[in-house]
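Each of the two blocks below gives one form of the same protein chain as structure tokens; they are labelled structure 1 and structure 2.
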Structure 1
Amino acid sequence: MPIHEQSLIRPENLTTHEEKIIDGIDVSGHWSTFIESRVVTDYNEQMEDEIAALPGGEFIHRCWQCGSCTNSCTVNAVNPEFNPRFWIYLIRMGIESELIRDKDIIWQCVSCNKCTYACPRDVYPEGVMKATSHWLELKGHTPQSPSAIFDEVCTDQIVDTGKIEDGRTLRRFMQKTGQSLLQDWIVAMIKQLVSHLPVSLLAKMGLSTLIAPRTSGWSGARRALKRYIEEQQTEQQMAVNPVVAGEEKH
């Protein structure tokens, strides 16, 4: 029963009255629950196109609302509010204000691709989730999510050196998100690791956090990637918000 997984009626819009008479008719109590109507006036007719213009969002138009994505979703099983099917519906209808109610959880998609596996229409819902969280940031609805910060830390490192080094990634991410490296579970983990790790390997790992491993002959790739990324970022900003991006450029 996938399609019933999200009610459009919100608890705060349901009212019952202890004692109420309308036009001489008694409408008190539970049997006469009222659903307050809600009026959506701010349809954003561009929303679907804007999200479709971002990487991953290309096939959103194929969705036929079967709900298989939500039904199979890893994060939905932990948090029922996480609902790809419903968000795709809102985006295609252009109901921006409703989508924004969930702005702080959309980035939590763990890219497990269970939805992609289940989707009968090749919407690639995983990509749509990424495009949507990207869109929320580009529009200024949310600050950069921890996940987006992590993506950036890793990508910068790869573009720069050709490789990722775990220790540096951890340090930079914690620093950028203002978290302590001394959380008790991290300390416990490192203690446990060090307690039985051979000294030679320990030294090697320590060294690689200081001197990052590099791909040799990488400088050409670095230059090419930097140039390409800059171009893409301008293009994406233009697709979502042509006016602002245009002004910034001049």
Structure 2
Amino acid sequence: MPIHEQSLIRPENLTTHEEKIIDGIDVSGHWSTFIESRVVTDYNEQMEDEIAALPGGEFIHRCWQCGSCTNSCTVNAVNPEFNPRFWIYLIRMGIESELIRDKDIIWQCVSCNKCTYACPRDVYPEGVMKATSHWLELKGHTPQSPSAIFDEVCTDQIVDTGKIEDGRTLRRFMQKTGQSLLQDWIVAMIKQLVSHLPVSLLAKMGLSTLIAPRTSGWSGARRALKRYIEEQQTEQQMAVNPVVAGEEKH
């Protein structure tokens, strides 16, 4: 699965000689541009298996590098450095250091699923991007992303109460991400709600935010969900960091 695009060659890996004569021929400047040879010292032969073990990465092995995902990508159209096909190549080749260099943009996937619709091999590239972002977090290469924090807030609320209360969700998300609740767009939204919704409904929403009502008979489902989530988290940690996860388990 060779990669030949010039855009994927890092600038620091190119060497240009301002004055270079080879066999009496002047090849100075552009003509003397060479790609420096490199040795992969941190090859991770388990990287594909690690990401395949996470939700969304199950079918990464199907990729045949056609490029349909990147060609159809919404984010790539704005930022050419966002290249799902290249990252899948790095994952399958085990070139971990190259993948980590793009850790700050991989999470920018907007889940439009254009890549998934275009993929002729049912790799589900959108899922692979999510699995890769999750892998970077589990490995400690990136902090928890805002989208992951939001998912966590929603999941915790569902598990605890069996309900989703918009006010509590927003408040907890803003707290966990260190954002103020007095932002202009939040204040404007609240003013719109106050001016258009009945007082009784506003009072009910405010009360639900504070009291957090629970679904009747939810205790059994809560225990089952907590047990399932713990099992999944343990499996994922074992797949990505088997030694660390094993020590924690004991």
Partner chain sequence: MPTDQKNYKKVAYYPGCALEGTGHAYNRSTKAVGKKLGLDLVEVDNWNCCGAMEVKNVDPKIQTYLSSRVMSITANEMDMDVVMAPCNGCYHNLKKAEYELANDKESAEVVERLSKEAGHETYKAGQVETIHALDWIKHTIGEDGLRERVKNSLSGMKIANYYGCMYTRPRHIFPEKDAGPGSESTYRPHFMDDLLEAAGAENVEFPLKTACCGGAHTLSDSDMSTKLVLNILRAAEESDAEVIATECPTCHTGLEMHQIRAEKTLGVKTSVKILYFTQLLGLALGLKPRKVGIQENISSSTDFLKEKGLA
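Every residue number counts along structure 1's sequence, beginning with 1. Only the largest set of C-alpha atoms that superpose within 1.5 Å between the two forms is called the rigid core. The structure displayed is predicted, hence computed values, not measured ones.
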Go through 1 and 2 and tell me the one that is the form predicted alone. 2
Any chance the CA of Thr234 moves 2 angstroms or more between structure 1 and structure 2, core superposed? no
Any chance the CA of Leu225 moves 2 angstroms or more between structure 1 and structure 2, core superposed? no
How about Cys66 - superposed on the rigid core, does its CA move between structure 1 and structure 2 by 2 Å or more? no
Core superposed first, then measure: what is the displacement of the CA of Lys20 between structure 1 and structure 2, in Å? 4.9
